[in-house]
Structure formats: C-alpha cells, structure tokens
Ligand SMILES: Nc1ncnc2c1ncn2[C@@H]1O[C@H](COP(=O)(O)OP(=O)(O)O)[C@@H](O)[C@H]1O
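This document starts with one chain, in the form predicted alone, laid out as structure tokens.
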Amino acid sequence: MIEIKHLSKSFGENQVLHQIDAAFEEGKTNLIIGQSGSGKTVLMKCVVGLFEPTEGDVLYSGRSFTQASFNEKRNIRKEIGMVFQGGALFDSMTVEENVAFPLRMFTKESRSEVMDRADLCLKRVNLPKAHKLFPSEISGGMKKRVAIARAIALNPKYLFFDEPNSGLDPRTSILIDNLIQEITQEYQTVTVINTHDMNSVMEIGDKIFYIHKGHKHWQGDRVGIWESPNKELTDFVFATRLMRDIRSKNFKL
C-alpha cells in the first residue's frame, strides 16, 4: 500500500496541492483524475519523489519516503516501475535494449540473464517479435507496451502510469487498459494511474480519486462515480466523456 498523508505542495507563493490524503491499494488500479491544472500530475511526481512535498508524508508499505535517507529512497525506487506519458523510450536503443536497460543499471545479472528477462517481459506484453526493432519502427501502441515491459522488468511492487492512453486510438486504448489491469492483478502491484480517459475510468477504475483545484474532492469506484452528488465531478466526467466520443467519431451533433 502507498499512503499519502496531509500532502501539500507549493511553488513559491502558488500552492498547488492542499492537504491531500489517500491510500493506494495493491492488486487494484488506483486512478487519479481531474482537469488539466488540477494538480494530479504534481501529486504523482511528489509520490514518486520527482518533487519534494512542502508538507506531509508519503509511505510505501509503512516506510516514510519523504523522510527517508538517500540510500533508503534508492531502495524504494528499485521497487517502482514508471511509464511516462510519451513512453520515454531511448531512440538509439532497440526494443530489447530498452527493456533490458533497468536490469543492466540496477542488477548484477549476466547478459544472458538480462536478455532472458527482457524476452519474458516482451512476451508478457504480447510483443514476441519486436526485439530488434527501434522505437521509430513501431506504432504508438507498441511503444506503450514496450514501456510497460521495461517498467515490469525489475518485478516492481509499485507501478505508475502517466496518461498511458495519450495519443492512442480507442481500440488500442482498450488493449492497454486490459494489459495494465492484467499485470496489476497478476503481479499484485500497487498501480497508480493519472488519466483523462473516462473509458479507462469506467472500465478499470477500482479506486478513483478526483482532484479539483489542488484538493481531493471525491473518492470512490467506477460504480459510485455515477451516483455521486458532487457537481464538479459530474461536470468533469460527462464533459470529458463527451469530448472523447466526439474525437472518436462515435457521437453525432
């Protein structure tokens, strides 16, 4: 479990996050949703240590990440897998080399062991024949799957996804959602996802946290989201889904 306790973040005089409390559970997909500028990306960056909170604490399985020493933080980071919005693959490396990169950096395994693990991870994300291709030679959906393969290479306890469906067509988005859900349940990871995609929310949202103007405004699941009396949440959900339908040409004005 990851626990966020009274977390606030300011940049100078601009306070972006206000006393956020949340708990992300293992074996579940924990989704953070909210409008652009709501603070959800800042929240994720505070949780993974890219930003230092102004106030509050983040605990990984009871271990304070905020107050940890350099070595303690390093050990926790070894347990974290991260999939960035654009995939963040190395263009000069093959698909296989991209997946092997964290294994070479953080383990003492032999080259053959590293490559065996990379091969296993690529098979797990249904890319058994892409090893020698470069990122420029594969589709956007394949890049996301390579990024997921790299993220699970070290058998992480905690997985973070920043807008995993950004730039993907609806059909590919569903495939990525299903893959994330399968891996979460199979590996029993604590999976945290920043997303604007309401299809993802309604399909795989085990726990949903709605951030509005830097405050946690609502939490629940994909069933409760339809029954919530929270006007800001309701407006966000329906406006976001409407725009998605228009963009996918499933909605006619």
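Numbering starts at 1 and follows the sequence shown. Everything numeric here is computed off the predicted structure, so don't read it as measured data.
The form predicted in complex with the ligand is left out here; the points below concern that form.
- Contact with the ligand in the predicted complex, judged by any heavy atom within 4.5 Å, is made by just one of T184, T66, N199, S38: S38.
- Distance criterion of 4.5 Å from any heavy atom to the ligand in the predicted complex singles out V42 from the list I204, I225, V48, V42.
- Figure note: of the listed segments 30-38, 55-63, 184-192, 217-225, the one touching the ligand in the predicted complex, with heavy atoms no more than 4.5 Å away, is 30-38.
- Although the partner is absent here, F11 is a contact residue: one of its heavy atoms lies within 4.5 angstroms of the ligand in the predicted complex.
- Residue contact with the ligand in the predicted complex: V237 places no heavy atom within 4.5 Å of it.
- Taking the partner from elsewhere, A22 is found to have every heavy atom lying beyond 4.5 Å of the ligand in the predicted complex.
- Among heavy atoms of V16, some come within 4.5 Å of the ligand in the predicted complex.
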